[in-house]
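Only one chain is given next, in structure tokens, and it is the form predicted on its own.
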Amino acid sequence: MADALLGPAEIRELAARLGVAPTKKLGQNFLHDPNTIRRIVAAAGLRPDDVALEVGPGLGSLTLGLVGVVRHVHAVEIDAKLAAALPDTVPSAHLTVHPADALRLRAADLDPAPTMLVANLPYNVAVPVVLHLLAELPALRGGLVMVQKEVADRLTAGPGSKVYGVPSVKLAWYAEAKPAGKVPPAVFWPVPNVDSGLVAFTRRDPPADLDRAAVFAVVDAAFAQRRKTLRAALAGWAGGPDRAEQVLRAAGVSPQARGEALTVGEFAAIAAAAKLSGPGGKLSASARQQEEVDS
């Protein structure tokens, strides 16, 4: 790891020299605590042959911690001024800076292919960025991201938790996630009014060989009306409450259950049962047999 990590004085001096003022619009809170940077890099479980992807490097605090630890670092920065200055702050042949929006990033843009995502993510786009990158970059084997503590809790929640919801299930489609610690506001400039949390995740195979969009449509419908039973919540998606109940029973899921009680595998089973259904809302023979077993 680089020895010359940026502290509070260096961060402010660098920002002043560049004429940079952190903006809420871009979710800019610059990390300035070397011990926190070392902690993040250590907790990420990086290997020397890894290629790290950092989103929102800002002034380069975490970038300095990553360069030299891994084979290569891709730093994706949407702020053109910060992207242009990063190579001067982190002079390394093992760094590629991409002045781009991470939500528009494609696998073809990154060579060598990233294997780990390690980033202090802007709070306002953290969830869509993580999900987009996992969908777009199959070589990612895992990562460690810092997000708002409330978001970290949602991403790592399991079925039955009060904060279990769409982000929890969609991340679980791609990876096994767990909390990796809390980060206090004081290590950022400007100081945010919330705590941050670290989320570690390891990619795994999806729970079913299904179209991801079809499963995610079930998830979105189930959580759009959290207090309703699945029979009611999925009525619009299925084409009516009776049809929803038919599909749920074929999937082995109680129509009276609620979305927050289901695993990602059970959501996949619902999507699979719907796919097996014939025209006009009639279940195929195999799905009808499963319905009879579960009744």
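The first residue of the shown sequence is 1; numbering continues from there. Because the structure is predicted, anything quoted here is derived from the model rather than measured.
Although not depicted, the form predicted together with S-adenosylmethionine (SAM) is the subject of the following passage.
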| query | finding |
| --- | --- |
| Stretch from 30-38, 254-262, 231-239, 44-52 whose residues place a heavy atom within 4.5 Å of S-adenosylmethionine (SAM) in the predicted bound form | 30-38 |
| The unique member of 100, 186, 208, 163 whose heavy atoms fall within 4.5 Å of S-adenosylmethionine (SAM) in the predicted bound form | 100 |
| Contact assignment for S-adenosylmethionine (SAM) in the predicted bound form, among 152, 82, 172, 219, heavy atom within 4.5 Å | 82 |
| Contact label in the predicted bound form: residue 246 to S-adenosylmethionine (SAM), heavy atom within 4.5 Å | no |
| S-adenosylmethionine (SAM) contact in the predicted bound form: residue 65, any heavy atom under 4.5 Å | no |
| 4.5 Å heavy atom contact, residue 120 and S-adenosylmethionine (SAM) in the predicted bound form | yes |
| Contact flag, residue 180 vs S-adenosylmethionine (SAM) in the predicted bound form, heavy atom cut 4.5 Å | no |
| In the predicted bound form, residues of 75-92 near S-adenosylmethionine (SAM) [heavy atom within 4.5 Å] | 76, 77, 78, 79, 82 |
